[in-house]
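Given as structure tokens, the chain that follows is alone and in the form predicted on its own.
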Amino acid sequence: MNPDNYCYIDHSPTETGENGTLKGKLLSIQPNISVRGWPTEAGSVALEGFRALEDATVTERLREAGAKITGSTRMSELGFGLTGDTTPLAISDGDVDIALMTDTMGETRLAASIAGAFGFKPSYGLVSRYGLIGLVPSMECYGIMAKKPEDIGSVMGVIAGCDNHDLSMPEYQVPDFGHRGKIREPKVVIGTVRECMDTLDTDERKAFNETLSQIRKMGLKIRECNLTDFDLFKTVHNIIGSVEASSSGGKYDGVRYGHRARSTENWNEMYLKSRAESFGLLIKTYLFQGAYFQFENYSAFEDACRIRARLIKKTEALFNEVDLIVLPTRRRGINAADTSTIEEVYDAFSLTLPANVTGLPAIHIPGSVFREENDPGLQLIGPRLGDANLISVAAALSHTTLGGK
């Protein structure tokens, strides 16, 4: 293991499940996922020196299934974007079989495109967020990255399901993740989104159409769909995400835990200086933007929420026409790991945002679209709670036509 990729390494990882489904699997997490006694600073000065007091629900379930959690990879501040994130290296270097990370904007799918791996975002609410230090509660969830889609299915079979500690989880019936790698419905119809295709340049569209041709050869049908207002996913996520982040960030005051400014004359000065020192410029900008919409332009936030509801309804309606939706994972020429402004971050994640805004499951398939060294691949989006079938289709496509292993 390259120690530069980790902010914490457990040299003697423990497991409690002797015969679990993840027996022998090595797994990394990010330092915003609670493991009792581990540094849990979420890549931010705001949580400097904080150690988790108890395990997250996913941590308990993974260990009970036999997984060995080897350490915490470095992450972007509070999981916003991929700047400074070393999770892809843990997978590509072979340190671990599986990596668990936060997916707020599509980070897992873009990280997977860098690592040449599969990156999966489950249906929102299917996996407990108890023990996760997050930023945008209504659009973030755990993401899973692995070289094999079967490993993703195995992890989901372990961590999915109701948790009494997470009161935001509805009573879902957990999908059956036991039939991975086979398409259960042989006549799968996959839909392209016309409004998304219109945003691609000539070379991107040509490469994407080549991949669609490979999918057709497998016997799957391709149908073009319309999703009006597709261009609003970015704006909606930006407004709602920043407001939720501003609200979530209010608890980092340096009083009960985390960073506290020194050499201050009174509590008010301590609070103000601690807040000023706790966050990097990118997160500060995002929090200030959210505060603006909270206190100066709340009507824009209300409009964004209404548009989000409309986008969810329109996207879910597409599954009356098709079984899955297919999109490229990212645009060429944009490096998600090298962004310094809010606009650059959102441009980098423009094609992954729809799944987070709508809460639908999505998976990145490597080795499929732009056939070059840093291959962005493509992503499939499925209907709510269609996670198991989505993983099965991705596995089948990879193993038969798209060069997966």
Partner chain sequence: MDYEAVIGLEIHVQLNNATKMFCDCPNRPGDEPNQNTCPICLWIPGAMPRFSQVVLEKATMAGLALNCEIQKENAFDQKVYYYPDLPKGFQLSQSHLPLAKNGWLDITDENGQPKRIRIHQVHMEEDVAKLVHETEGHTPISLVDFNRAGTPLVEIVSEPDIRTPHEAMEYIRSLRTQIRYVDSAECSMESGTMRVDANISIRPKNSDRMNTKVEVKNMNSIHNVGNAIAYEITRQANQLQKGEAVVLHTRLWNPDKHVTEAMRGKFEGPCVPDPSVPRIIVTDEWLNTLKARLPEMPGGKAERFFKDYGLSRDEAVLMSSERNLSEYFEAVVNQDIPPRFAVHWIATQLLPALKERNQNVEDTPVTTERFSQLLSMLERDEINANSAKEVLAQLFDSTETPGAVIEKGGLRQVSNTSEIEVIVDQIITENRSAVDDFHNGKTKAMGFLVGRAMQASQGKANPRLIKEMLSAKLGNNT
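Positions refer to the first chain, counted from 1. All figures in this text were calculated on a predicted structure; none of them were measured in a lab.
Another form, the form predicted together with its partner chain, is not on view; read the next lines as being about it.
Heavy atoms within 4.5 Å of its partner chain in the model of the complex belong, among the stretches 219 to 227, 158 to 166, 310 to 318, 80 to 88, to residues of 158 to 166. Checked against its partner chain in the model of the complex, the residues 74, 331, 147, 275 give one hit for a heavy atom within 4.5 Å, which is 275. With the partner removed from view, the residue among 360, 345, 47, 35 that has a non-hydrogen atom within 4.5 Å of its partner chain in the model of the complex turns out to be 47. Its partner chain in the model of the complex comes within 4.5 Å of a heavy atom belonging to residue 298. Contact annotation for residue 178: none of its heavy atoms lies within 4.5 Å of its partner chain in the model of the complex.
Proximity of residue 335 to its partner chain in the model of the complex falls outside the 4.5 Å heavy atom cutoff.
Contact check for residue 173: no non-hydrogen atom falls within 4.5 Å of its partner chain in the model of the complex. Contacts between 238 to 261 and its partner chain, taken as any heavy atom within 4.5 Å in the model of the complex, involve 243, 244, 247, 248, 250, 251, 252, 253, 256, 257.
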